[in-house]
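In structure tokens, one chain follows: the form predicted alone.
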Amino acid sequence: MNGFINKQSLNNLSKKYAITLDEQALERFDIYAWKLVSWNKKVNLTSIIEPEDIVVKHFVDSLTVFHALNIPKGSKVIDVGTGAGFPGLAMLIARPDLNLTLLDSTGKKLNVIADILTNIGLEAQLLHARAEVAATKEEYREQFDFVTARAVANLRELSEYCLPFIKEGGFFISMKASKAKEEIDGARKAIKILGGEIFSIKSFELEGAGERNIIITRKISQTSTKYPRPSAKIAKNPLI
């Protein structure tokens, strides 16, 4: 299957954010888009199904992570609440050197990702779990260089789910659209309690998709074993 998306458009847009894709990556993105739309008829993955919208709002949007922060070769990355694989699987296609774990609580979505990985010839660990449970386990807690999350939850609550996964000196990358400032202001205390600090905020216009904000938190100390709490407690009694 060839030519589902406009690969030249993907390549050109990616270059605007200093991201270079080789022919193999472009072919893999083409297969990914086709599989995404095909699977979406059976499993609710995304409302974005037009090829050009997939290119901009899913693929290029995910790849802007590399525009916001240098991620060294071989870095250990976990994508929390990966859904249909954004940003994690898109990042892996651009950077197959990454040691990637894709976490989601919905098994059907991970089954889709497994099929896509097979078809594009890449490997990643698929973790079917709730983040607040996985983050308490020794094999995942404070084991990752980078944690990514795209459009998952409010930054204050999301930080409690994500920061326990990160090693000291590592980074949590939260991808938001508009109104990020309010979330950041409301999350600063929680982030500090969890052992992090806001490192940088990258705000820009994603061509054809509007405002984007990438909030980068650095892990400066270990997270107390009190966190993360069960999801009901996180929702009912947020860290403020």
Ligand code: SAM
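Keep in mind that what you see is a predicted model, and the values were worked out from it rather than measured. Note that residue numbering follows the sequence shown and begins at 1.
Although not depicted, the form predicted in complex with the ligand is the subject of the following passage.
I need to confirm a contact call. Of 77, 103, 155, 135, which residue comes within 4.5 Å of the ligand in the model of the complex, counting heavy atoms only?
The residue in contact is 103.
So if I measure heavy atom distances to the ligand in the model of the complex, which of the stretches 105-113, 89-97, 67-75, 138-146 falls within 4.5 Å?
In short, 105-113.
Answer yes if any heavy atom of residue 131 is within 4.5 Å of a heavy atom of the ligand in the model of the complex; otherwise answer no.
Yes, residue 131 lies within 4.5 Å of the ligand in the model of the complex.
In the model of the complex, is there a heavy atom of the ligand that lies within 4.5 Å of any heavy atom of residue 83, even though the partner is absent here?
Residue 83: yes, in contact with the ligand in the model of the complex.
Using the arrangement in the model of the complex, list in sequence order the residues of 175-194 with any heavy atom within 4.5 angstroms of the ligand.
Read in sequence order, no residue approaches the ligand (within 4.5 Å, in the model of the complex).
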